[in-house]
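So this first bit is one chain, no partners, the form predicted on its own, shown in structure tokens.
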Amino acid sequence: MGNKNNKVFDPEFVKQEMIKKYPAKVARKRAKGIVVNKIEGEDKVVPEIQANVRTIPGIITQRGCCYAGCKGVVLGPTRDILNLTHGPIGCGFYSWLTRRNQTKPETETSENYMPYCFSTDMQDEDIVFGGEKKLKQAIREAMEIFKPKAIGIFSTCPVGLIGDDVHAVARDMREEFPGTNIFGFSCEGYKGVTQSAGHHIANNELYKHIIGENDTPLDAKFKVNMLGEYNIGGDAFEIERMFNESGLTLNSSFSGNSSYDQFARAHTADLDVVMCHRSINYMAEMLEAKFGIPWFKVNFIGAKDSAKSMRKIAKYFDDKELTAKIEAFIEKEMAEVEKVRLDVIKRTEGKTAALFVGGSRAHHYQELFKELGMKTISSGYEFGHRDDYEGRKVLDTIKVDADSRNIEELTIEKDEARYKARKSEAELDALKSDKDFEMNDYVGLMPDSEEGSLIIDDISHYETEKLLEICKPDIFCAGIKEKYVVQKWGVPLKQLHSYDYGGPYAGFKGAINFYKEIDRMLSSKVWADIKAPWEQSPELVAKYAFNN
């Protein structure tokens, strides 16, 4: 496996180069999070990777915080819940529309608070004397101006440190404003190891405060909840189009282009499909345990995987008319996709990529690169757990540490009145016996990645630069924090956290958009002419003014 410099990619050599300058103790720890991918047997057994552990102090990480995962990721795309950040204004501004979540309110007068940034704007005196009074006043102002049906309160680091109780404030304000659902999230930025903790907290509070509020189902067949799709760059719009034209009904979305009412009726769906496993698997399991909704993993990134996922849904419902409609839709869409792919692959085949993107994206986007004849030489997550890498089969072997115990674990009991078996035990057993179906399962990133590729959890800034120096992949996919450093190395970076100004990249039309975007970036001549600052002028050299 080579790159454009005709070097042979030796993953073990790259790994050793990444860790050799670390102190011995740090090197031993980082070595566990940098794994050469070896896939053994039909069961696709892969090496164990260290994940979901604290970043080593002094190492520059690309991770986000618990608050970012809760407010910025899971609740951010919901248009009619007024999301109020209790903390300094910087936290509220940071999590406001930075992921380019899009939404389409039903009418011009429908509630849509996404264009606004709501914060209590805590100052020094609030840290000293407490901010609960200020929080209550902010809620009263929000009620006076907007009269929302729901308000979510999100705790930031100072709130946890000084002890403000957002849940008590929420209870008081629900009494003051009956009819408005007001609830809090204990998602202080430092809680947990990464933003993954915030995902879990968001799932818990949505389940406790909204799920099951509306028992009236949609008057439609084949009602599906889409879990873990956040409508970055309009991805959810494309998936909704695919559903509508195939005879499926989107019941609820968690949380791209979502609404409060969708969450409230989520328990009435016939099926849950999961895109981002890490951020939303908790909700899938809770909906199944309490209300009986089966779930399975899908991937709508890449044309082939989109078709596979649509067929998987058709197989679940086992309806001849629906299956025929889905097959006709796939045939029509794939004809258009193939025209573009066959043109673009002439210029992309044989090139290399590296992907370091949160959620399941470092896994999903490898499929799009495969469709372009490209190889992913290295990949990893910022906030993945071992099951995101190795698959859910390792769940029983994962030790729960102190950081994970900071997050409330809900006890979910079957709702005797509203539990409904969507499939008989025999039907579910038949689906589970099909190893290609993966009911209630996720195979993980590593079994689907290239044999011999380098899997890196929580890649550091230094490790990123070593990867670029040694391998110089043809394209690097990561986030905004890494973007400009990577480009200074003369390597194009595709921003896959918020797509820069591109998208959608989901589904069939999204695949076409992605093909064209990668073709444009790889075909550009500018990257060969870029010289980094350290290449244009010598490094500063210093010496001691005196010696003892």
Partner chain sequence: MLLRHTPKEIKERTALRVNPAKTCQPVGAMYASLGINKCLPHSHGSQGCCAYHRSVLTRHYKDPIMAGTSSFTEGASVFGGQANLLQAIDNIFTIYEPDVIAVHSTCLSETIGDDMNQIAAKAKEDGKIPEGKFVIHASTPSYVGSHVTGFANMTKSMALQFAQKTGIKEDHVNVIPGYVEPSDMKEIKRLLKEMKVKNIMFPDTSHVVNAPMTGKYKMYPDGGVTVDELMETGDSSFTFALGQWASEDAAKGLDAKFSIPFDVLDLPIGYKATDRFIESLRKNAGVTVPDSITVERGQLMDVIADMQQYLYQKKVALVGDPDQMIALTEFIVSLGMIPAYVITGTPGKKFEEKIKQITKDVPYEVKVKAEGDMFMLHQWIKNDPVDLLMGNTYLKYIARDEDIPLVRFGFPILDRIGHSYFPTVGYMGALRLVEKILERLMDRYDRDISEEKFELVM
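Bear in mind that the values here come from a model prediction, so they are computed numbers and not experimental data. Residue numbers count along the first chain shown, from 1.
The form predicted in complex with the partner chain is left out here; the points below concern that form.
Asks: Does any part of F9 reach within 4.5 Å of the partner chain in the model of the complex? Heavy atoms only, please.
Replies: Residue-level check for F9: no, no contact with the partner chain.
Asks: So in the model of the complex, is the partner chain close enough to G192 to count as touching (4.5 Å, heavy atoms)?
Replies: G192: contacts the partner chain in the model of the complex.
Asks: Looking in the model of the complex, any heavy atom of Y499 within 4.5 Å of the partner chain?
Replies: Answer no; every heavy atom of Y499 is more than 4.5 Å from the partner chain in the model of the complex.
Asks: Does K525 reach the partner chain in the model of the complex, with heavy atoms at most 4.5 Å apart?
Replies: K525: no, not in contact with the partner chain in the model of the complex.
Asks: Note which of K488, K38, K516, K32 lies within 4.5 Å of the partner chain in the model of the complex, where distance is taken over heavy atoms; exactly one does.
Replies: By the 4.5 Å criterion, the partner-contacting residue is K488.
Asks: Considering the partner chain in the model of the complex, which of F177, Y116, F437, Y419 comes within 4.5 Å of it through any heavy atom?
Replies: The option sitting close enough to the partner is Y116.
Asks: Honest question, do V224, V274 and M283 all end up within 4.5 Å of the partner chain in the model of the complex by heavy atom distance?
Replies: No, because V224, V274 and M283 lack any heavy atom that approaches the partner chain to within 4.5 Å in the model of the complex.
Asks: Quick check for you: of 517 to 525, 504 to 512, 56 to 64, 40 to 48, which stretch puts a non-hydrogen atom within 4.5 Å of the partner chain in the model of the complex?
Replies: So the stretch in question is 56 to 64.
Asks: If we check the partner chain in the model of the complex, which of the residues in 147 to 181 reach within 4.5 angstroms of it by a non-hydrogen atom?
Replies: Heavy-atom contacts within 4.5 Å come from C157, P158, L161, I162.
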